[in-house]
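Here we start with a single chain on its own, the form predicted alone, put down as structure tokens.
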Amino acid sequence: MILPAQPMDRAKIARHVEDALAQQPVTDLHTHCYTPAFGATRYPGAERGGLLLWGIDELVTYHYLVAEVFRIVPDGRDGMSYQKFWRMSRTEQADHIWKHLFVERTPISEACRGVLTTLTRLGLDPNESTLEPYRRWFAQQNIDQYIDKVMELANVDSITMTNPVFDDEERAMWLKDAAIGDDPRFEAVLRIDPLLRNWKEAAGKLAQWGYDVTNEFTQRTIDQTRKFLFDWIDRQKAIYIAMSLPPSFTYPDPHQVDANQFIEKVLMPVCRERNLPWAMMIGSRLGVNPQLGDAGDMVGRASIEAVTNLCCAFPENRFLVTMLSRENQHELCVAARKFGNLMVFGCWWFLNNPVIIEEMTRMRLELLGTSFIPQHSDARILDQLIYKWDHTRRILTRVLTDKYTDLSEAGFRLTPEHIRKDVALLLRENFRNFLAP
């Protein structure tokens, strides 16, 4: 009779997990960061000089903190109206937020903690009463070298951009010089929301840009819209196609014939021909409080049926899916058990809170094993890569230690190699393998 293996000691498991997570580089599959060629925030002064946002003033004026400060100093109190705030310079906005959220109050929220973690990992004291010492430090940084430093601290080997082709400023940059994306540290993603959200307006844009497209899905319109996508996939060297979609998104949609036809006759054939996944980020309700600008969006519960219908109708296509509502997470996991062409990824936007990330990650491991992607940074500011992955690794350490302890106590002969292999799948290989099956 073979005796069951002796369980590995929990403390030993925790050390192996922590070591594996610290050593394994991450491929960050979704950010809003850019190569320096797109222009960058300039120090001193923290003026916006392009699309790459970085530095203390960008960190502190991130839209999470803008929304939070208006809870502390509401519209109208002490003369701080929405209008007055948006008339301020970026440095003035940052000073206002630092004073009210970091100096006069305990910075306990996850958004505040993220700024503190970033400063600490950069070797700075996060307890300064003003932002001036940080501004002086950032003014001394070379942006290209600073990107390397951030990637090293975050242990990220590749940053995936988000490149919205219908954004006039960014589109003009790509048209001027397609090599703008040729930085080996970054990969591009073709973002095309308007083609599905508002076909008629998008078709008008394509016509302006020289494509023979009308509102009707004639064969000529289908061919020309496909050509548009092929042109931009090639220009950007995009690794997948992405859209952010509202909670109301459904497929097939009896009220949105244009959307159905775009998916069936354009998007799915293009993705198949170029072997690209379609990434759907579902559940954002835009502009609930428009006076907050980017901070005014909200979450809504969506229907999983849209996802399962797509996976079933297009088995040769691949779908990267994340959903914004906590209430959608269990059903999405169950859907992923049924469809091998569905890859669940990340804890997006309002789900990026440790208590929810931990709950979701445990559930995903229990339902999907290691066949999912636990997180993406969604970083809009370069420096956020540091804290997003620092905090993620801490959560994964707790969750994986518990799960491996359970496994060991069940008699499985757990080894450090099992742990290293699993961590590599979760942080890098699942995404890479899904891109090129």
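Quick caveat: nothing in here was measured; it's all calculated off a predicted structure. Residue positions are given as counts along the sequence shown, with the first one as 1.
The same protein has a further form, the form predicted together with a small molecule, not shown here; the description that follows concerns it.
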{"property": "One stretch from 55-63, 400-408, 42-50, 364-372 that, in the predicted complex, holds residues within 4.5 Å of the small molecule by heavy atom", "result": "55-63"}
{"property": "4.5 Å heavy atom contact, residue 394 to the small molecule in the predicted complex", "result": "no"}
{"property": "Touches the small molecule in the predicted complex: residue 318 (any heavy atom, 4.5 Å)", "result": "no"}
{"property": "Residue 349 within 4.5 Å of the small molecule in the predicted complex, heavy atoms", "result": "yes"}
{"property": "The small molecule contact at residue 311 in the predicted complex, heavy atom, 4.5 Å", "result": "no"}
{"property": "Partner-contacting position among 281, 266, 188, 344 - heavy atom within 4.5 Å of the small molecule in the predicted complex", "result": "281"}
{"property": "The unique member of 244, 328, 118, 160 whose heavy atoms fall within 4.5 Å of the small molecule in the predicted complex", "result": "244"}
